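Heads up, the chain below is alone and in the form predicted alone; it's given as structure tokens.
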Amino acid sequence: MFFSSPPWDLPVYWALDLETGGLDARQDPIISVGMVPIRAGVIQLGEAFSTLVRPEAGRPIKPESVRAHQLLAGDLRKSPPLRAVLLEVDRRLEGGVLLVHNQGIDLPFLKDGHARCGLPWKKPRVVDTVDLIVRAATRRRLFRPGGEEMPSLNLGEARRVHGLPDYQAHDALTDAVSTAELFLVLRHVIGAKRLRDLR
């Protein structure tokens, strides 16, 4: 029996990106969050949410991560604490779909952050543009077999492959917008008609 699934453009997708103080969710802080919604297949820039996050005590920012996003602990001192930011993230995600580029990075930070702040992780539906890149490449191989390498999973490189412009990387809101744009192109490429076709 097939479970019903809404048309792909019925749910609200919240493209989300995190900047972090390292790559280990168990010890590194979330230091910036960017989110932008897609409603009825249209990116709504006017509803974007972006904030820096004050790191928790005992979670320093690693030097190699500073080289990527250029954020220092002093830049974040007056920013809201993680709990307040996660409540804003959850409020936006209520009933929607979380859209990320590489859930293997963002989800552990979100889950760990919720646990540390005593907040329930509500297990939103997730669509990952990395999965869609792989599916689009598989589809291309079906129609044009032979010779194609595994596609790059890097956000900027994947955008270039699909004819999207370069944006400055490692800004949470810019990367969220980049993810939203790439999602709309990949949705078209794989011919997804329902939400289940994207997961």
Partner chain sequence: MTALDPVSFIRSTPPFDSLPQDLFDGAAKSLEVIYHPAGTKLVTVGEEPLKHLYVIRKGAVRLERAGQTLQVLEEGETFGYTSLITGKATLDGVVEEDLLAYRIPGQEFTRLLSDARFAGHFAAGLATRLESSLEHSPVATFRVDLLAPVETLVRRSAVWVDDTATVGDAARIMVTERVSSVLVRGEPPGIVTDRDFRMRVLAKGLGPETLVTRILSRPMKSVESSLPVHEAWAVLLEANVHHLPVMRDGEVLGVLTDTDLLKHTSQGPVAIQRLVEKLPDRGSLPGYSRKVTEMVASLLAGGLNPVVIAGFVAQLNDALMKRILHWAEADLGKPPVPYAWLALGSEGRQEQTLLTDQDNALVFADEGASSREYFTALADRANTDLSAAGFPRCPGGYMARNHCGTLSEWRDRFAGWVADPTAEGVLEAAIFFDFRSVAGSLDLAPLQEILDGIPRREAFLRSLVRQALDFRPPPLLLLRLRGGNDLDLKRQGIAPVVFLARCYGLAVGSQARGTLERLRAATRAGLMGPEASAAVIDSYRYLLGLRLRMQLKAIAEGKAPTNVISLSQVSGVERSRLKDSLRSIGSWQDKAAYRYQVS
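Numbering follows the first chain given and starts at 1. Fair warning: this is a prediction, and the values are worked out from it, not measured in the lab.
What comes next is about the form predicted together with the partner chain, which does not appear here.
A heavy atom within 4.5 Å of the partner chain in the predicted complex is found for one listed residue only; from S152, T138, Q27, Q44, this is Q44. Partner contact region in the predicted complex: 168 to 176, out of 27 to 35, 168 to 176, 49 to 57, 126 to 134, criterion any non-hydrogen atom within 4.5 Å of the partner chain. By the 4.5 Å heavy atom rule, the three marked residues L164, E181 and L184 all count as contacting the partner chain in the predicted complex.
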